[in-house]
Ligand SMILES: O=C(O)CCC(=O)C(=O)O
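Below you'll find only one chain, the form predicted on its own, shown as structure tokens.
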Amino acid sequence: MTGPTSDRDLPRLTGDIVRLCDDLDRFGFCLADTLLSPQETERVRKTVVLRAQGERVPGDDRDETLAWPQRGGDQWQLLMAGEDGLDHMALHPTAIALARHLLGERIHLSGFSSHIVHPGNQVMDLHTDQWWLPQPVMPGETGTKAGDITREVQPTGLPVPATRPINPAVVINVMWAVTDFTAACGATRLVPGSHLSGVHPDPAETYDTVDAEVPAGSAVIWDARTWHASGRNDGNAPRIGVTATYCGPQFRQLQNFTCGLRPEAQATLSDGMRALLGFELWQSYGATDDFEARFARPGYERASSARSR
């Protein structure tokens, strides 16, 4: 087990973007205070709960908690940015600013999903979300080929600064607290500084973690190299979060927004949202019929254009 972590200088809730960026760089995570109003947070909660129950009625005023499944386990639900009425979260200025601080100016929304931790869940193993990137190797060393990478073949070690080159950050997670995140309800656990180690946690080892406790409407943001996991929910209500994951423009996104978004929803997107979802070409990558186009054209547009000629 690693040595004890001092909380004297650890990230604290703040709305100061300079402090948020500094915490992200130093510790691998930061805590952004009050990004959504109570009214916005409640609307998001209703949307997520109704989607999780298989309904698409965000404006429904029923007390849906009466039918809530009180069971153990984690419940994941993919959200379709551009359709679910939650685009303001993916486009939030603080989220975008932190993503660009870590990744650079051009970014894509990689994934957009809700995560519901029910009471009595199993504690998640510590992990990183950038496990798929090949590790740097020295000349003459044999590394894992890109097409052969799995979570199980990654090097493990201690969460201390590396003494040789490591991969840069290419992914960042912004997890919105839709309900209060507390240690008792399974708040995200993180290992400060682990993003600089260049290695992954060993499932057989125990490491000191800190609980990212934030009130509803705030957010926990972490460098995808940071070791993290959800905790155990010992309360009597679900812990609900929404995660917006951003990546560099040259990486494959978790969700295929360009394929999954309905045509009528695509037609309403702003250029900024289209770029964020991956419709904008990057150095010609992502093209459909024109390497010089700014935006890729979906197949149904290309087909109608061909028929009209």
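Nothing here was measured: the structure is a model prediction, and the numbers come from that model. One-based numbering along the sequence shown.
Keep in mind that the form predicted in complex with the ligand is missing from the display, and what follows is about it.
The partner is absent here, but in the predicted complex a heavy atom of His127, alone among Arg106, His88, His127, His101, sits within 4.5 Å of the ligand. The single contact residue among Thr182, Thr209, Ser230, Gln135, judged by any heavy atom lying within 4.5 Å of the ligand in the predicted complex, is Ser230. Residues with any non-hydrogen atom within 4.5 angstroms of the ligand in the predicted complex fall in just one of 89 to 97, 152 to 160, 171 to 179, 198 to 206: 171 to 179. Interface membership of His115, defined by any non-hydrogen atom within 4.5 Å of the ligand in the predicted complex, is confirmed.
Although the partner is absent from this view, Ser110 stays clear of the ligand in the predicted complex, with no non-hydrogen atom inside 4.5 angstroms. Although the partner is absent from this view, Arg225 stays clear of the ligand in the predicted complex, with no non-hydrogen atom inside 4.5 angstroms.
Using a 4.5 Å cutoff between non-hydrogen atoms, Thr243 counts as a contact of the ligand in the predicted complex.
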